[in-house]
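Before any questions on binding or motion, here is one chain by itself as structure tokens, the form predicted on its own.
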């Protein structure tokens, strides 16, 4: 492999990181919003959320990418590959994040909720000051796990023309007739990206852990 080959795969890593971060930034709050819909059992919206989560969680990411990129133009919605890739990954991770947040909400300690009520907190204040900090701490490990899976799901969007790590490694291997070195380098890059997420999780957990848990 030449220096240009390494550069090509590293440049693909930028696409992987960018797509992952954008979809995570969009998918985490979207998942929280949908989880609140399910937790509140809002009529109609609750059923729509259940249907969305069930369908997307069972749909392979590559199939979802093809559906968005090739089927939406049929109804007059055309998207560039990058936009379609971001939408695909966002919808995918939001569905899984919804269940993570919902599980935290369902298991929220009732005594803390009752204590907030006794202090006369309104619904918005209870959520911001009591519920959200608690469920954020309890959901963090599962959310980070989903984020690492999101990084490893990005090769699915290569099918619509986005050059990320895996696609870049395939191109280099096809051109040099030596597939092993580029895929080893790709594996190293994936490992570094996932390690960065795990390190960030541990730093956040230490930052927000109760004083006695440090």
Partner chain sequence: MNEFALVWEHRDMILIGFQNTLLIVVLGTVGSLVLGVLLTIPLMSRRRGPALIGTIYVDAMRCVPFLLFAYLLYFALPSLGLDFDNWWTGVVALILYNGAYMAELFRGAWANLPKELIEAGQAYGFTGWVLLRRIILPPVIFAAIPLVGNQLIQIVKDSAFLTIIAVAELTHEATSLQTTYFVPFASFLAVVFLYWLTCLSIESTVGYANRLAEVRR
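Positions refer to the first chain, counted from 1. Computed from a predicted structure; not experimentally measured. Whichever C-alpha set is largest while still superposing within 1.5 Å between the two forms counts as the rigid core.
Form predicted together with the partner chain: not shown, discussed below.
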Residues 11, 25 and 144 are flagged as a possible site; in the model of the complex, is every one of them within 4.5 Å of the partner chain by some non-hydrogen atom?
no
Contact residue in the model of the complex, from 163, 36, 66, 30 (heavy atom within 4.5 Å of the partner chain)
66
Are any of the heavy atoms in residue 45 no more than 4.5 Å from a heavy atom of the partner chain in the model of the complex?
no
Find out whether any non-hydrogen atom of residue 54 is located within 4.5 angstroms of the partner chain in the model of the complex, and reply yes or no.
yes
Partner proximity in the model of the complex: residue 200 to the partner chain, non-hydrogen atom cutoff 4.5 Å
no
So in the model of the complex, does any heavy atom of residue 58 sit within 4.5 Å of the partner chain?
yes
Between 169-190 and the partner chain in the model of the complex, list the residues on our side with a heavy atom within 4.5 Å.
170, 179, 180, 183, 184, 186, 187, 190
Return yes or no for residue 197: a CA shift of at least 2 Å between this form and the one not shown, with the rigid core superposed?
yes
Would residue 171 count as moving between this form and the one not shown, using a Cα shift of 2 angstroms or more after superposing the core as the test?
yes
If the CA atoms of residue 149 and residue 202 move by 3 Å or more in the model of the complex, do they move toward each other or away, so closer or farther than here?
closer
Knowing the Cα distance between residue 152 and residue 202 changes 3 Å or more in the model of the complex, does it shrink or grow relative to here?
closer
